[in-house]
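A single chain comes next, written as structure tokens; it is the form predicted alone.
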Amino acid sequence: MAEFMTETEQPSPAVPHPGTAGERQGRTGDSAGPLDGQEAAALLERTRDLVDPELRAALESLPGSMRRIALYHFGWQHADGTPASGNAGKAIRPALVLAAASALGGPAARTAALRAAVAVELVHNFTLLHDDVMDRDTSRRHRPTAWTVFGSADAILAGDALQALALRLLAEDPHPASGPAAARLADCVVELCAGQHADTAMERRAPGEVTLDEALAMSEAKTGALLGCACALGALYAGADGEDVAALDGFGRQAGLAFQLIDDVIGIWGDPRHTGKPAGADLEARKKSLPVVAALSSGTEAAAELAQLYGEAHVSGDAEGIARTALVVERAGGRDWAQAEAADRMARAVQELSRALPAPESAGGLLALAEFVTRRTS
């Protein structure tokens, strides 16, 4: 799971994108294109600098028991309540809010959209807290998950509190876009829940029964929805019309699917030193991730072997079995399909973005961020 969530020494699962960095350099006059990751990294760093103080202030308003769990989850406290300087995440979703607002409305719109960016980050982390409980994941961001420290019930309640806090931030925002933004974010949460329900239902089905169309629809609801919502909220705070808001939502959804495809590749072949999770954890849990569903649907001998492996009960810590399963997924074409599909989704994302921002140079950070999340290694 990704929203309701989420390398080996081989090269990063890079995804080809429409237009090279050099082509963009020729169009915009920049000294470097976003494909080198520097522009996105700078945007994410600036976003954390802007969002973290507001996010901390929001968390401080929670009751003590919920505040302690939330601060631990974000990496800002140890389990005993003492201060920590952990990793609060990459801030991709709030960065998309601010980049969309800036692209359509300039610096003033970006400043106005700060609360919306914080609200999106709160919703994202609500899903992570719940996801870890449902998937029984024991590690996130290189430390024990909140439910393993505080218990499942308290982790779920802390997630609920984050969701309520997100909607309260928008309800208290005097900006005229706050009402439509709150309604859109609430609709997004409903879609996230529906996507998670579809995911858990698919996990109960036999290997080979889940189609690629079902898996892609589920991933759009779970991951694409919130990235699309983040972009749409930025557009709303920029005063964009309905067509441009829809285009930004479409951009985020397609980029979100590309993100999920690469996330699933990393979930199978990722290096724990970068991911903070055990190698092959998705395979050990018999998750029907997108590369696995593609492999099971390939009609190859490897697909039949994979179905047999997925029909067997997993043995915890069986590194040899996980490695064998990963190889079978790759032989059945799951990895190649996921990377090609991610490239296709990025092309669709660029097409959606061009509806609202025809000039590539005006898209600014949005393209850099989309490329970053589909070229990451963790």
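In case it trips you up, residue 1 is the first one in the sequence shown, and so on. As the structure is a computational prediction, the values presented were derived from the model and not from experiment.
One more form of this protein, predicted in complex with a further copy of the same chain, exists but is not displayed; see below.
Of the residues given (Asp154, Glu203, Glu284, Asp244), Asp154 alone sits with a heavy atom within 4.5 Å of a further copy of the same chain in the model of the complex.
Note on the partner interface in the model of the complex: the residue among Ala164, Val149, Ala304, Leu216 having a heavy atom within 4.5 angstroms of a further copy of the same chain is Ala164.
With the partner left out here, a further copy of the same chain still marks one of 316-324, 334-342, 41-49, 56-64 in the model of the complex; by a 4.5 Å heavy atom cut-off that stretch is 56-64. Within this chain, Ile268 is remote from the site of a further copy of the same chain in the model of the complex, having no heavy atom within 4.5 Å. Taking non-hydrogen atoms only, Gly81 never approaches a further copy of the same chain to within 4.5 angstroms in the model of the complex. Interface membership of Gly299, defined by any non-hydrogen atom within 4.5 Å of a further copy of the same chain in the model of the complex, is ruled out. Within this chain, Ala182 lines the site of a further copy of the same chain in the model of the complex, having a heavy atom no more than 4.5 Å away. Contacts of stretch 158-192 with a further copy of the same chain in the model of the complex, defined by any heavy atom lying within 4.5 Å, are made by Asp160, Ala161, Gln163, Ala164, Leu167, Arg168, Ala171, Glu172, Gly179, Ala182, Ala183, Ala186, Asp187, Val189, Val190, listed in sequence order.
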